[in-house]
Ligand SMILES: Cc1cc2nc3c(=O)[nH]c(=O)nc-3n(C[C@H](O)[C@H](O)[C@H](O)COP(=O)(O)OP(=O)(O)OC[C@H]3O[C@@H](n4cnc5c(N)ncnc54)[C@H](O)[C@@H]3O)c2cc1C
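Presented below, as structure tokens, is a lone chain in the form predicted on its own.
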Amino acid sequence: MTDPTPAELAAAAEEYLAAHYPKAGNRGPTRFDWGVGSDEVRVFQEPDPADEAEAMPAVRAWRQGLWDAGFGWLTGPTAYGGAGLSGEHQREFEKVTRRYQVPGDSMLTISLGMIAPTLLNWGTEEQKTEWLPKLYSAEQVACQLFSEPGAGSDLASIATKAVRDGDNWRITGAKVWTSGAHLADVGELICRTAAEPRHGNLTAFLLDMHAPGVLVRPLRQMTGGAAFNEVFFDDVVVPDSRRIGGEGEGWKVALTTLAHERNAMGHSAFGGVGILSTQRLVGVIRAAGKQDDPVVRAEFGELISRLRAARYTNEVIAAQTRAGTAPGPEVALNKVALADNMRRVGEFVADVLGEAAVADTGEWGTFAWTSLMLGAPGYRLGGGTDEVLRNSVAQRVLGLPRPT
């Protein structure tokens, strides 16, 4: 059968979506007006866990419908249920999708953007055949189980152990800062399976999050949200058939996942709400009456230059990804730049607003910025700290020697 052209695919998608979802309303001009609508600004999406749980069935139904209709994995290999089409087909589909009120994939970023690509790269044929359709249809939702309380930013120092027991592994330990663990069915878990050598003693597994011995507990952040969890493993049994990659290859598997994570986090559309809007920043300056302040004008100009530079870097890497190049160590630049810009925006707004930024007077567009100021430091840690990523860029992109 001949593949559809992008236009033919768009027409088929239009027909499917029109039959299942209402049209999106006219959103009107996207120009920002100070004082109009929500003044929310956030670093991380921090929905209430109860609201997320309530929304998940609609998300699963959305993905299952797409999968059944042949739109669930347009660029994926046909051997694993994908349609084998091009990135242009995907972009045409997304254009059509934006015209309808659909649940979308934002709650599946880890499943589809990090875990599925890792399985495609490292999974056995049996794992790819079984799990990729389950992830892309949202029959199963995945999380990432890497960080640990005692390991800090040094992933190679994790202490969660997996001990071989015949055809199974028995896992004991704890993970932390796990997004979406409370909604996940499976998790990509990195464990220590040998004492040494460093980086060669870790192994990856696809863990059943509903297995006996798995405990998920929410973490309350200083922003007030609870987007993360801590996860405990008490002698959890995992079949060896759930091992991803070879024994001792967990570090390499984790690097694949982290490259995809940093690519997602470095994108300006990830997580943050309203933070990088130039018009919103102009609104802050005018609301504070500082549009003629030469210091504020100079700092604003520098800030905008940095935001634009990060945007153009992001576009270059995105173009490489669309051309079929897997994310490499250079994607760390995106994440480092975005984290730094978030910090700079927070400091700039705090300087402009002064005490209005920390006093909840109800004035539109002022106290709302505290969410950014409290959340931005966390962005410097997620997906690898700034220090780790800068070392990665120095050594793996620029070819500089390790520090002595």
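Just so it is clear, the model here is predicted, and its values are computed rather than measured. One-based numbering along the sequence shown. Definition used throughout: the rigid core is the maximal C-alpha set that superposes within 1.5 Å between two forms.
As for the form predicted in complex with this ligand, it is not shown, yet the points below apply to it.
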Partner-facing stretch of 343-351, 33-41, 374-382, 57-65, counted where any non-hydrogen atom is within 4.5 angstroms of this ligand in the predicted bound form: 374-382
Residue (of T257, T178, N334, S111) lying close to this ligand in the predicted bound form, criterion heavy atoms within 4.5 Å: T178
Selected contact from Y136, W122, F228, F93, since only one has a non-hydrogen atom within 4.5 angstroms of this ligand in the predicted bound form: F228
Touches this ligand in the predicted bound form: T118 (any heavy atom, 4.5 Å): no
Exercise: G152 in contact with this ligand in the predicted bound form, heavy atom 4.5 Å: yes
This ligand contact at S147 in the predicted bound form, heavy atom, 4.5 Å: yes
This ligand contact at V388 in the predicted bound form, heavy atom, 4.5 Å: yes
Large Cα move at A58 between this form and the one not shown, threshold 2 Å, rigid core: no
Core superposition between this form and the one not shown, C-alpha change of G70 at least 2 Å: no
